[in-house]
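Only one chain comes next, encoded as structure tokens, the form predicted on its own.
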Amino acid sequence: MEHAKSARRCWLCALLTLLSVGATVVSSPQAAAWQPDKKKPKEPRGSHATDHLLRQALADQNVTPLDSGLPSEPNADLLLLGQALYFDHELSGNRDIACATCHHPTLSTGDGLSLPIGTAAVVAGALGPARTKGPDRSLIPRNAPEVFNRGSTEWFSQFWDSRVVEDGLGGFLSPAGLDLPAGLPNVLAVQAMFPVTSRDEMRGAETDPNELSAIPDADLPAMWAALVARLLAIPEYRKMFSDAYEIDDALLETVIGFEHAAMAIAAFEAEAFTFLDSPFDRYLAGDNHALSSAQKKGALLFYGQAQCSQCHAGPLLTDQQHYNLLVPHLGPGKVAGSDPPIDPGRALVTGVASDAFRFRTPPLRNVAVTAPYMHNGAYTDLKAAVRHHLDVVVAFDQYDPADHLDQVELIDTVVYSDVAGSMPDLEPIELSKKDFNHLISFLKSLTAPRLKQRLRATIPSSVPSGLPIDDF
């Protein structure tokens, strides 16, 4: 056990070192890998005017360097606990899936699928396209989002429908209602409370032979308590909880709740997956040479004619509001028994008819490597996803699932009629081919350098349960 803990501490030291290189370049301690060239390249003709226009647009729209939200002195024991929990199958009813399965570092903190495959996959531990759902299992209705930069204090909601959101009074609205434990510090930690309670995602079907699946669907506290009992039955987890929260071992059963696991997972996600040294981040920090001429032209379009920033606003590149983009429906839907299956989106949370088929604006950091796109992964190509935004009605009418979906089982599930009559929230925008390419160039500038290598450094060699770790 001591050897395993020592190995994980080595991981933490290596990760923090890797992520802190060049921290003085931008405001976040996560700035990594990039260092400015001592010899500055020659300014291209006209670049001063472009920079002036772009910086004015950024100032007008309050686009500033993103506050990482990370503590200046991280709790190393809490991060180690969060890392172990994030990768450990012990948190699932059938002990066959982890948080990392659908938000994996090697898949840019997503799963590479349009719609995720939860517990009881044909091959436990399989990732990405190799993962297939087991017999009589259902796909998860919504795309697994990336989890980059979720530690920022700018975040006030989580999930595609914002069913976890700050209530404006220092608390949170969530599916748990009054059953949500006290003491959760942010929406990221609140979000981590819920995947373990979902039958399709992690808990298991009623017929699955595990103690979590037998708990009634409405009894969230019982599910959380059963998971804590599991974890505290493992000696190494007892030690890790004790160290992380400075609680005597004899008091763990009376003090530790699943909220302590959720807070650790959230702390790990924020520390491990915050990257604020993309070319765009460096430009925001004052380096005019960080973006190419094409990327600057694309940025001017993004914050101007193309109107992308009306929704992808502010430092997060999302306003966290909800819009109907006329995305063709596909998959099992979110309304039990509906025929055809549909996903009404935000309306399921608010009960307001006008919120039907509206979904939260996603952030865009590292967007070039986080396909598939949209709330249901309807597009596997970034250019196709952007084209949809430029004319949602035409894109909806011309959508051919065979051209855009890699998951063959989804092709015959596409439904058009349920959203065809609804009113989209985007007006058509015309861009020339050159402007479109500039816009794509700008979106690529949102990717942090050496991202694959830095993400792989977050994967531990083992977890306290001794269960296998999902990894390619």
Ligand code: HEC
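Quantities reported herein were computed from a predicted structural model and do not represent experimental measurements. We number the residues from 1 along the sequence you see.
Unshown form predicted in complex with heme C; subsequent notes refer to it.
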* Asked: Just one of 160 to 168, 73 to 81, 173 to 181, 248 to 256 has heavy atoms within 4.5 Å of heme C in the model of the complex; which?
  -> 160 to 168
* Asked: Looking at the partner-bound form in the model of the complex, is residue 295 within 4.5 Å of heme C by any heavy atom?
  -> no
* With a 4.5 Å heavy atom cut-off, would you call residue 195 a contact of heme C in the model of the complex? -> yes
* Report yes if any heavy atom of residue 362 sits within 4.5 Å of a heavy atom of heme C in the model of the complex; otherwise report no. => yes
* **is_contact(residue 224, heme C) in the model of the complex, heavy atom dist at most 4.5 Å** => no
* Structure fact -> Only hit among 299, 272, 117, 240 for heavy atom within 4.5 Å of heme C in the model of the complex is 117
* Structure fact -> In this chain shown alone, the residue from 405, 54, 439, 63 with a heavy atom within 4.5 Å of heme C in the model of the complex is 439
* Members of 88 to 107 lying within 4.5 angstroms of heme C, judged by heavy atom, in the model of the complex -> 97, 98, 99, 102, 103
